[in-house]
Structures are given as structure tokens and as C-alpha cells.
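Okay, here we've got a single chain as C-alpha cells, the form predicted on its own, with questions on binding and movement later.
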């Protein structure tokens, strides 16, 4: 694999979607608040990293910490402003956030405005022969950390509280569940993880421009992957991201990258109609039938 760096770049994309899908699932799957603004948080991480590169030539670990903090604060702020909205109104508000941020960035000349800005990658750490391997390993660590957080949430009182909010928020409040604090926790952590996924992006593409950073792909994939894998468990987003991400990379190499969203749309419609609980739910249903 060492001679084919595309494997590392393709693996990076799949791992990036594991982080994004896991982050989306914290709010959309566990809590039941559908977020269409994934690109806004991803871009917050990417542009935070770009500003730190331009201003201080900061190292990637510092960029990741700063991107996580900025996106987490954005998630906390949006949570305070929008969590009294529910259903489609909350989803529209998050979509509007992405549009507003893209407009701001497109008119911010320091980061290249609408034309974008090219950067030069520094030398990778001595252990790695190129940035392809370095960024791949970084994304492996970020994906592992995000999945570990999702596992902890699912197996703790936090996960049970979020599930209660998803099932019936009024009943959860009556039972003493701190719904507002849990929802703010979910928006903050979800935004933080999405921002983390975006921080290595400037070194991955080297040309950072709003069209790619705010791409519709991020919003659609981060929603579709948990729904296809299963939204009620930490492993669902991983399954969806690996299956869809790999299919998209194969289609990019063999046919065209223009087919990526078409693939997602077809698979998503098929699962919504045939297996609305996702692959995990489908497997669980099959096991229950065998055991009955």
C-alpha cells in the first residue's frame, strides 16, 4: 500500500465521514434533532485551521484543538438560539446557518474570499514519508476518538437522557430529565466533532475555497450514512460511512465523482422504504425472527 498514496487519500475521506456521521448522530440520531448545517461546523474547523496557518503557521495538533473549540462554541451558541425550535423549523435554522457562514467567508479576503486560497504543506513529521500517510493516521485517531465518545454516550445516563428526549421530550421533562442541558451538550459535542473533521482539510486539499468547504456532500452524507447504518447505535454511522464512502471512492475512480450524490440518494431512498431502522436494525430484526 505504501506505493499507492491514493489509498491513503481515499481512506482519509472514509474516516472523515465516520467522524462526521458519528457527530451528526449525537444530535440527529440520539436526540432526534435533524441537523442540515453540517457544512457550517465542518467549515468552522477548516477555516479556523486556515487562519492559524496564515497567522501563526500553527502545527496541526494546535489547529485541531482550536477548530474543535471554535466549532463547539458555535454549536453551543446555535443550541441556545434554536433548541426551542423543533422538527423542520430546527432543520431549516441549521441550514440557514450554513448559508450565512458561506456568505461571510466568501466576502472575507483574508482567507481568499470566494476565489479561495492556496497553502503550502509543511514537511510531515519524521515518522511519515508524506502528508498522505500523516493525514491518514491523524484521521484514524480522530475517528477512533469520536467513536469512543459516541460509545460512552450510548452506554451512560447521557445517552438514556438523549433517547428520552428523542422519544418524548415533554414526558422526559416531567420525569426530571434535564432536557435543555442535554440538548446543549449534544449540539456542542456534535459541532465540536464536525469541526475536528474539518481542521485537517486545508492540508488535504491545499486549495481552500467556499465551494468545496461548504459542499452539499457533507450535509447529505453525514445525514444519510447514520440513517443507512442505523441511528440508534454507535456502530450504525461507522457501517454507513464505510459502505457509502467506499462506494463513492470506487465510483470516483471508475466512473465519475458526479455520481456520488446520486449513489447516496438511491441507497438512502431504498433504505427508507425497505429498512427504515438501517442495517443494524435489519440485522437485529432477522436475529429476532430466527430466535422466535
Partner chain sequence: MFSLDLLLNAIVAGILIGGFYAAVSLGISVSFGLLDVVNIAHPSFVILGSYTAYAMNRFFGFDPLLTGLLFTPIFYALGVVVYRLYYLGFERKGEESLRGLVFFFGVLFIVEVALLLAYGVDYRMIEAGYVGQSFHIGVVGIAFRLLLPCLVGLMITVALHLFLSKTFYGRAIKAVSQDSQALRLMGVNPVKIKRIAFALSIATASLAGALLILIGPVEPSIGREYIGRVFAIVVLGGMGSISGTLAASVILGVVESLTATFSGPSWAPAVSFGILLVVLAVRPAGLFGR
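Bear in mind the structure is a predicted one, so any value in this text is a computation, not a measurement. Numbering follows the first chain given and starts at 1.
If you look for the form predicted together with its partner chain, you will not find it shown, but the lines that follow are about it.
- The stretch that touches its partner chain in the predicted complex, counting heavy atoms within 4.5 Å, is 93 to 101, out of 168 to 176, 154 to 162, 93 to 101, 184 to 192.
- Between the options 141, 148, 127, 81, the residue in contact with its partner chain in the predicted complex by a heavy atom within 4.5 angstroms is 81.
- Only one of the listed residues (58, 261, 243, 235) places a non-hydrogen atom within 4.5 angstroms of its partner chain in the predicted complex, and that residue is 261.
- A residue is said to contact a partner when one of its heavy atoms sits within 4.5 Å of a partner heavy atom; residue 63 fails this definition for its partner chain in the predicted complex, lying far away.
- Its partner chain in the predicted complex comes within 4.5 Å of no heavy atom belonging to residue 247.
- When its partner chain is considered in the predicted complex, residue 231 lines it closely, a heavy atom lying within 4.5 Å.
- Among heavy atoms of residue 282, none comes within 4.5 Å of its partner chain in the predicted complex.
- Contacts between 24 to 40 and its partner chain, taken as any heavy atom within 4.5 Å in the predicted complex, involve 32, 34, 36.
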